[in-house]
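A single chain comes next, written as structure tokens; it is the form predicted on its own.
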């Protein structure tokens, strides 16, 4: 997690430059270090192209990783002490593995020490760990899952734990539940850990089967589409927002449906015929889940067929459903999505992530880039008093060692 809110449109420097920066920061935090003794890894944030608030209903989602990441540099110790240092906050924590520090929801320690606590029986010894990152916090780009994924992966690589990637995603989800107080689904850590460059990831959140779906090539590689993310700057804390409230509302709706149809395991199994059983608010919530699942599968097919106009139309429909039926959007996100759609060459625009603030994502032709930027800036300035941070996803990273 990070306090930064970058406004750049691209990412500077390569892997070697970033590794050198992290090694320098590690030495500043922990003293002289042989580069061969320091393992450096990263895990990316994600932008969800379509399929929000379906993952915890065992539905379908279609996210992609981005070029903003959480980074970890760590070195083994010859005792059982863990020393954790977060560069963004200048905070250091020292503790024995047997007594991890107390955490609070939303703090970076919830994700780092939460992972350590879950793995401590498998760790052969202590370590020194530096964490850093450039995924904006609270923007709906999964800064927390990126951090926990990076920590799990780095400890796995350092100590040879041989954690299966899907088990690693489940572990990160468990950390969110137990230590961060967020009843999130599996999507964010799954795509952070298993995402592939040049592809979106269609995930069945029940079976955890997935399909890597080729994305439009970026303009830099000669294609004619851009994926643009605009960070409104409106921040929410999922544990304190309506996110958990939506989950409770849907749990009650599921209970009502199950009285008539005991075989319904989750809202993924609900049908249009179940909607009359529900009170109006619950009916709206469930309708979103049912229709969003269908939109995700249609969007997958549109990507396969390179029918990007159809994909953009599905993005627009998704935003409207999240706004009107699931009610997780906000005025700033609605205004940016509406402004973008008025720009010629923008194929689709929607809020992305848990909602109540954060980002919009847009599919646009390169010729629309300047006008899209102006429209987003003008819209956000009117509703929020300042322009959004805007950047183009030039490439999507994967979890890996640097």
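In this text the structure is predicted, and so the values were computed from the model without any measurement. Positions refer to the first chain, counted from 1.
Keep in mind the form predicted in complex with alpha-D-galactopyranose is missing from the figure; the text below concerns it.
Participant: Honest question, do 26, 71 and 133 all end up within 4.5 Å of alpha-D-galactopyranose in the predicted bound form by heavy atom distance?
Facilitator: None of them does, since no heavy atom lies within 4.5 Å of the partner.
Participant: Answer with one of 63, 354, 59, 348: the residue that has a non-hydrogen atom within 4.5 Å of alpha-D-galactopyranose in the predicted bound form.
Facilitator: The residue from 63, 354, 59, 348 that makes the contact is 354.
Participant: From the list 159, 85, 243, 308, which entry has a heavy atom within 4.5 Å of alpha-D-galactopyranose in the predicted bound form?
Facilitator: It is 243.
Participant: Is residue 46 a contact residue for alpha-D-galactopyranose in the predicted bound form, using a 4.5 Å heavy atom cut-off?
Facilitator: Residue 46 belongs to the contact set for alpha-D-galactopyranose.
Participant: Though only this chain appears here, would residue 334 touch alpha-D-galactopyranose in the predicted bound form if you measure heavy atom gaps against 4.5 Å?
Facilitator: Close contact is absent here: in the predicted bound form, residue 334 is far from alpha-D-galactopyranose, nothing within 4.5 Å, heavy atoms only.
Participant: I'd like to check something about residue 51: if you look in the predicted bound form, is any of its heavy atoms closer than or equal to 4.5 Å to a heavy atom of alpha-D-galactopyranose?
Facilitator: The answer is yes: residue 51 has a heavy atom within 4.5 Å of alpha-D-galactopyranose.
Participant: So, in the predicted bound form, is residue 55 in contact with alpha-D-galactopyranose at a 4.5 angstroms heavy atom limit?
Facilitator: Answer yes; at least one heavy atom of residue 55 falls within 4.5 Å of alpha-D-galactopyranose in the predicted bound form.
Participant: Heavy atoms, 4.5 Å, alpha-D-galactopyranose in the predicted bound form: which of 252-260, 278-286, 179-187, 297-305 makes the cut? Say which one.
Facilitator: Among the listed stretches, the partner-contacting one is 179-187.
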